[in-house]
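The data below hold one chain only, encoded as structure tokens and taken in the form predicted alone.
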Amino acid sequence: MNFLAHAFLSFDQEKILVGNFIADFVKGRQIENFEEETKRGIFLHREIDLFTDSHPLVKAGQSYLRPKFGHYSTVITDVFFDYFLIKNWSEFSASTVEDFIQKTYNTLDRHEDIFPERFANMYYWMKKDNWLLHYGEVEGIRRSLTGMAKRTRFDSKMEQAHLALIEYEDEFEVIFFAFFRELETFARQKLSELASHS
């Protein structure tokens, strides 16, 4: 899952959200540097990613992409799902997506002192260029995936992936709706389990 989905799946819990955002930048024993609730956010992020990567509906979506993009298909579908989450935001939340995104930035700002350095560097640009909102536009998807393509060691062709979104938008949207409801239920249950074991 990409950043907006992880924010949504933090269920308005401040430190869970922070952990959810920094999780990919916390390695090994570094996790011991964080308080329990933030750790739960880190663990939740990892569980969400495992659930997503192994889900048959997600794999079905990736089948449209794999012939051209290979293993980068997993990254691309994560970004596509943020696009559909914004496009259908009113189905999932009573607040506007703009208000939710601003609240997310405000929450993260309050915890900048615990950001891993690599996340802090990325977050500066995320907020400055409002990545979270721009995932809702095909042009924003193009820019995001082009930026990722420049950072890959191999020719990922991700700068062309927005064309697959345009071509298969209806198919991906059906997959998104069927999958994301399941993911939301899974994330709520997992967060409850993590809280009961801490």
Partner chain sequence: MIVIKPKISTYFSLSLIVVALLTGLIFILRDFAYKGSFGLWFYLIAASLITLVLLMLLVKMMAGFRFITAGRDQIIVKLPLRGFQKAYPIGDILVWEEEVVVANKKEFRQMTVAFSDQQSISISNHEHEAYHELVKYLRKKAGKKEIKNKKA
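This is a predicted model, so every value here is computed, not measured. Positions refer to the first chain, counted from 1.
In what follows, reference is made to the form predicted in complex with the partner chain, a form of this protein that is not presented.
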{"property": "Candidate spot 12, 99 and 102, all three touching the partner chain in the predicted bound form (heavy atom, 4.5 Å)", "result": "no"}
{"property": "Stretch in contact in the predicted bound form with the partner chain, which is absent here, among 22-30, 44-52, 169-177, 144-152 (heavy atoms within 4.5 Å)", "result": "169-177"}
{"property": "Among the candidates 131, 34, 69, 64, the residue which, in the predicted bound form, approaches the partner chain to within 4.5 Å (heavy atoms)", "result": "64"}
{"property": "Distance check, residue 136 to the partner chain in the predicted bound form, heavy atom within 4.5 Å", "result": "yes"}
{"property": "Non-hydrogen atom contact residue 111 with the partner chain in the predicted bound form at 4.5 angstroms", "result": "no"}
{"property": "Contact flag, residue 57 vs the partner chain in the predicted bound form, heavy atom cut 4.5 Å", "result": "yes"}
{"property": "4.5 Å heavy atom contact, residue 88 to the partner chain in the predicted bound form", "result": "yes"}
